[in-house]
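Form predicted alone, single chain, as structure tokens, below.
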């Protein structure tokens, strides 16, 4: 209600000023003064008011960022963030100099050279030296800005040192999935054709290939049985759709069989260096943790549309593009607990956002990020199940000897892990 009253008072005050201005015009007309001839006194007053308005404007412009500093982002929480902030401040200083210089000149000259009867502006249409000057100086400044920006960008996207921990950030409408390397410190190969409910990232292992082939075989048998059962009751166009669906399943199965052949050939050629041997111990999770003061390379992928992995507190952002892997590396420098003390906010959390409008629930595509000491991070990763062990844990109880042996090995691995944890 108070806001409404304040708004009403402002509107009424504006209307009063307009009416007073109209009364002044009528009084001038009664005195026989011509409307287009403005007295020098009024022009001088307008000129002085330009100085007052300019001063208020510049003071207000300076006050706003100082007063609302608390709503700005806290200090950068990564080494790359420090570079970004330095470039940001450089640009603001440069723009601030230009802004204050041009606006001071604008208001000063507007107030100084108000209209006086008998005075005419000096006609100065062209000057080659001045044009060269105000073309060359901005061009050189822009060259400096571009070179500075490219140098920072090249440092951020440069290939990390060998042995840098790789973490996959996987985007899809409308959530994130994180994958960490296992004991072998390497992420395994992926293929979109293996994506299913138990393998959301399409990690390629011998078991995941066999599981997907078994699923497709079951789908194929069901589709063929449905076609036979409904051959006499469905119209021809529906039968054609069912046959096309069956052909699609067969093509999928053939593609995965080709992938299986490729995997075996790659393993035969590269041995232990084959990426197809490193997926079994990968750790897939819906939680995002990073160790403090450790260089981490983020491998960013998308399942469906273009997303953008944005870590505002790290000053890091990279597009997630379907069909390709984009990369960015950073070194987190401030733990979540320390940033809570810096911000004086015990509920503070780093956050991973999607910074591309990717669909109707884009606003909700976010994930908390926890930055912790390397020791705490290591303990947390030890507690994460591996891809293969999680898949085995979801399987029904084995019946034959081979399955019993596999289950025993999984149990032994689990016991070893528990002993290490204790």
Partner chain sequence: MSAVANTQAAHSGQHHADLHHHKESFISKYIFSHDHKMISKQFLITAIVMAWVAMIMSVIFRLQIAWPGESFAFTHFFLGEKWAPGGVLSSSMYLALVTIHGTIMVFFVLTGGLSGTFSNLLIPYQVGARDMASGFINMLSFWFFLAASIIMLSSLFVESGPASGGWTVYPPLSALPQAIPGSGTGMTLWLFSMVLFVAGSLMGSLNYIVTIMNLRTKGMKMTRLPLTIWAFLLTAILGVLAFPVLVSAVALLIMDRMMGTSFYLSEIHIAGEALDHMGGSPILYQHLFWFLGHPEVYIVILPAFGISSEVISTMSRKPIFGYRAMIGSLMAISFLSFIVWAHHMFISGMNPFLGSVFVFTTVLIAIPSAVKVFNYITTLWRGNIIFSPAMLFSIGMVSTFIAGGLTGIILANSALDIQVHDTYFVIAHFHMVMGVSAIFAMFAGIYHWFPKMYGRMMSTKLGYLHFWVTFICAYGVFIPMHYVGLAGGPRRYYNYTEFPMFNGGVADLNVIISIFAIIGATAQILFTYNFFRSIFSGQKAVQNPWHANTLEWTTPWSISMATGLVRSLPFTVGLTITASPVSWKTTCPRTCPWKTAKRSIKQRRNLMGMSALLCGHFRLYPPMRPALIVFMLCWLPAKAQLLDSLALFAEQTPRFVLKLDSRGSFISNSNVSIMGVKAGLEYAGRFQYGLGYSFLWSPVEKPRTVDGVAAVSTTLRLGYFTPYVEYAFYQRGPWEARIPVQFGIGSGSLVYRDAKDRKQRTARSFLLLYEPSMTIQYRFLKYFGANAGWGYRLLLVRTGLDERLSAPTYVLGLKVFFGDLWKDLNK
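Between two forms, the rigid core is the largest collection of C-alphas that superpose within 1.5 Å. Residue numbers count along the first chain shown, from 1. The shown structure was predicted, so the numbers you read here are calculated from the model rather than taken from an experiment.
Below, we turn to the form predicted together with its partner chain, even though it does not appear here.
Checked against its partner chain in the predicted complex, the candidates 306, 239, 82, 214 yield a single residue with a heavy atom inside 4.5 Å, and that residue is 306.
A single residue from the set 125, 235, 271, 162 has any heavy atom within 4.5 angstroms of its partner chain in the predicted complex; that residue is 125. Annotated contact segment (heavy atom within 4.5 Å of its partner chain in the predicted complex): 314 to 322, selected among 261 to 269, 177 to 185, 332 to 340, 314 to 322. Using a 4.5 angstroms limit between non-hydrogen atoms, residue 344 is distant from its partner chain in the predicted complex. In the predicted complex, its partner chain sits within 4.5 Å of a heavy atom belonging to residue 360.
Looking at residue 71, you'd find a heavy atom of it within 4.5 angstroms of its partner chain in the predicted complex.
Although the partner is absent here, residue 228 is not a contact residue: none of its heavy atoms lies within 4.5 angstroms of its partner chain in the predicted complex. Residues 351, 353, 354, 355, 356, 357, 358, 359, 360, 362, 363, 364, 366 of 345 to 376 are found to place at least one heavy atom within 4.5 Å of its partner chain in the predicted complex. Once the cores line up, the CA of residue 116 ends up 2 angstroms or more apart between the shown form and the other one. In the core-superposed comparison between the shown form and the other one, residue 378 has its Cα shifted by less than 2 Å.
Once the rigid core is overlaid between the shown form and the other one, residue 363 does not reach a Cα shift of 2 Å, moving by less than that.
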